[in-house]
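One chain follows as structure tokens, the form predicted alone.
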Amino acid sequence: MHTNVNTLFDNLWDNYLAVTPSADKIHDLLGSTQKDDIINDHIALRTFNIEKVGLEKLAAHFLALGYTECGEYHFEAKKLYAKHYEHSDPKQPKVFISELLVEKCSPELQAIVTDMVAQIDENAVTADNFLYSGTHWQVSSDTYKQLLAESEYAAWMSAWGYRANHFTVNINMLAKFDNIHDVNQALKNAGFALNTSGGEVKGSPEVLLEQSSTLADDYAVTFSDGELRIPSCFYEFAIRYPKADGELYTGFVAASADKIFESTNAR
């Protein structure tokens, strides 16, 4: 397990950046030249609810670094379950981990996923680098497309494996922007495509959280039978509002997160 939370996030970021080249350009667009004001609100990780690699196995890496479990979320239509975690130091990013409820999927999908997970070395799951280790298997492009027809989430995992699915710019900390609408407009003016599922802005000040995101970059993946350009990872933007006690809301809104998952859908 990592001994340093910053090292873990640095490694997750480098791994994410390698397949999400737009993230660097967005940094330059939104960030201030005067100070380092791009602060990461949260990352998200995906997995399957198979004991060997379940949500709790991923969470263990963060619990060992001072994180605690803070909320749970259900996504019935997408057959997902999720939890979020917060660090004792509020400056550290929050972590959102989801898992596909494999038993609720078709026998064909179950067989493919079971085979993928079987190829993971048991010791790899507790290794320092597991959360940014990518795939431990190689599927064919046909298998990817078969999964895609049933579950975008499963297809994404088959191609990308274990890595941050997205990072999130904390709009509250930006020097140049004080609302999500101006952030979205700046992104669109610069040619970035936004996820419009459920509207460009998900959530509202009433639910204490507004979120938006880019559509995932297209990136080439080498499948067992050749290369295919598919959606990789995306960048999210979040602004949080104060609760009645004056503290900023730190949780997530399931209805909004449901739409954010669709940022990796094919354009």
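The structure presented is a predicted model; accordingly, all values stated were derived computationally and were not measured. One-based numbering along the sequence shown.
There is another form of the same protein, the form predicted in complex with a small molecule; it is not shown, and what comes next is about it.
Shown without its partner, this chain lists 12, 257, 23, 19 as candidates; in the predicted complex, only 257 has a non-hydrogen atom within 4.5 angstroms of the small molecule. Put simply, of 192, 177, 162, 96 only one has a heavy atom within 4.5 Å of the small molecule in the predicted complex, and it is 96. Contact annotation: the small molecule lies within 4.5 Å of heavy atoms from the stretch 39 to 47 in the predicted complex, the single such stretch among 215 to 223, 39 to 47, 23 to 31, 60 to 68.
A residue is said to contact a partner when one of its heavy atoms sits within 4.5 Å of a partner heavy atom; residue 234 meets this definition for the small molecule in the predicted complex.
In the predicted complex, the small molecule stays beyond 4.5 Å of every heavy atom belonging to residue 84. In the predicted complex, the small molecule stays beyond 4.5 Å of every heavy atom belonging to residue 79.
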